[in-house]
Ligand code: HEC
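One chain follows as structure tokens, the form predicted on its own.
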């Protein structure tokens, strides 16, 4: 009995460890409308770090295109994309995760970058200059940064 309890405990720990690995960019499963139902990391995002990613120019820099009143301490909010105020009232978490990961899966014509994509880019620099980077490229954000941004965006409710 003691041996089977030990084996069961080891199996549970191993299963938890396997789930802890982030989903690779090429393995992300998008739904019919571009949503991603499951976390990319298997753990909750940190809204505070998500806010940092959104307003830091060298990381996500989301506010260069989107207005976010909750981030009014950061200057120069853009008007290219829609305001993100109240985004949690307009979209479910899975859809927000999908849009942050690769908005083109929901909005094919968008100019929003795919933050968690490593290949399949249109690279005109290669044809014209020969200087474009070879694929696969690193994703713009890590899986955890995506989850952090999603956690922050889900706090933006107008209620």
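Everything quoted here is computed from the prediction, not taken from an experiment. Positions refer to the first chain, counted from 1.
Unshown form predicted together with heme C; subsequent notes refer to it.
K.L.:
Check residue 118 for me: does it contact heme C in the predicted bound form (non-hydrogen atoms, 4.5 angstroms)?
P.N.:
Residue 118: no, not in contact with heme C in the predicted bound form.
K.L.:
Is residue 60 one of the residues lying within 4.5 Å of heme C in the predicted bound form, judged by heavy atom distances?
P.N.:
Contact check for residue 60: yes, within 4.5 Å of heme C in the predicted bound form.
K.L.:
At the 4.5 Å heavy atom threshold, is residue 30 in contact with heme C in the predicted bound form?
P.N.:
Although heme C is absent here, residue 30 would stay clear of it in the predicted bound form, with no heavy atoms inside 4.5 Å.
K.L.:
Residue-level contact is defined here as any heavy atom of the residue lying within 4.5 Å of heme C in the predicted bound form; does residue 112 satisfy this criterion?
P.N.:
Contact with heme C, yes.
K.L.:
Would you mind picking the one in 44, 65, 70, 133 that has a heavy atom within 4.5 Å of heme C in the predicted bound form?
P.N.:
Comparing distances to heme C in the predicted bound form, the residue within 4.5 Å is 65.
K.L.:
Just to make sure I understand: among 22 to 46, which residues lie within 4.5 Å of heme C in the predicted bound form, judging by heavy atoms?
P.N.:
Stretch hits: zero.
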